[in-house]
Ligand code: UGY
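First, one chain by itself in structure tokens, the form predicted on its own.
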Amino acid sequence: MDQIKLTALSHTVVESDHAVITGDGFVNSVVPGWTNCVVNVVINEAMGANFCQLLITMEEAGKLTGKTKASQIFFYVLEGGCTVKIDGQETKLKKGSYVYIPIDKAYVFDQAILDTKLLTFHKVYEKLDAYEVPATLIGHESDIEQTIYCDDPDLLMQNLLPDMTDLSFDMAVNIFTYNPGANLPFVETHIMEHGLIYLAGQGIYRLADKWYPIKKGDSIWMAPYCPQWFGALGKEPAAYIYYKNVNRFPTIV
């Protein structure tokens, strides 16, 4: 007897103030200048967000070329490795490497290991008077200290961008690690918007008044003021890398 394939099943949910994107329904997109790669638009303005989050898988001879205009881009290597060229300088990247590219800057990503996976966050840059546009920044997560969050040693935060010490940055990208059984100490409700992808582990996420099982590879969008809470489940740490908007006035002044 032929087995019935239930193609209508998915854990993806898109609401007005949040979304859980599991990837089983991705449809590939074409980005000018990005060749021999698979691009999936995970989050963007069409769903109500004020930023964009992409996943890129580089195929044989994969290459990303472009120049930032109004939006800055943050790249993070999820798997594999490649080379980035900016301002004539070439840098080799590996899993856990990241690149911040400010506005008005040309870039080339190439020489990739087959099936290298990149995560990107794109945000329109809001210049702040008396501050210069940030410079290009290249680093690796292993070089960033883990700090304790909310006095709980089982909640560990890494700030990949120096947004807390440099107000020229209007976006933050952090890695948040929960040791097994750890959870947020309260339901967060705030003006900052989030986009994230799980790097490891699993758990339960509360978004608005709903509860979702989450695992490695899942992405989440949280609009401003969407109530949010997470608890890690299982025997391994849960970790996600996430974006938020920071360091600007909360209204027009």
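Keep in mind it's a predicted model, so treat the numbers as computed, not measured. The first residue of the shown sequence is 1; numbering continues from there.
In what follows, reference is made to the form predicted together with the ligand, a form of this protein that is not presented.
Q: His194, Tyr205 and Met222: each with a heavy atom within 4.5 Å of the ligand in the model of the complex?
A: Checking in the model of the complex: His194, Tyr205 and Met222 are all within 4.5 Å of the ligand.
Q: Should Tyr125 be classed as touching the ligand in the model of the complex when contacts are defined as heavy atoms within 4.5 Å?
A: Tyr125: no, not in contact with the ligand in the model of the complex.
Q: Hey, in the model of the complex, does Phe109 get a heavy atom within 4.5 angstroms of the ligand?
A: Phe109: no contact with the ligand in the model of the complex.
Q: Please tell me whether any heavy atom belonging to Leu184 falls inside 4.5 Å of a heavy atom of the ligand, as the geometry stands in the model of the complex.
A: Yes - in the model of the complex, heavy atoms of Leu184 and the ligand come within 4.5 Å of each other.
Q: Counting only non-hydrogen atoms and a 4.5 angstroms cut-off, does Thr35 reach the ligand in the model of the complex?
A: The answer is no: Thr35 has no heavy atom within 4.5 Å of the ligand.
Q: Can you say which of 185-193, 24-32, 47-55, 65-73 gets within 4.5 Å of the ligand in the model of the complex, counting heavy atoms only?
A: In short, 185-193.
Q: Within 4.5 Å of the ligand in the model of the complex, heavy atoms considered, which of Phe169, Phe121, Tyr178, Tyr100?
A: Looking at Phe169, Phe121, Tyr178, Tyr100 one by one, just Tyr178 meets the 4.5 Å heavy-atom criterion.
Q: Which residues in 223-244 have a heavy atom within 4.5 Å of the ligand in the model of the complex?
A: Counting only heavy atoms within 4.5 Å of the ligand in the model of the complex, the contacting residues of 223-244 are Gln228, Tyr240, Tyr242, Lys244.
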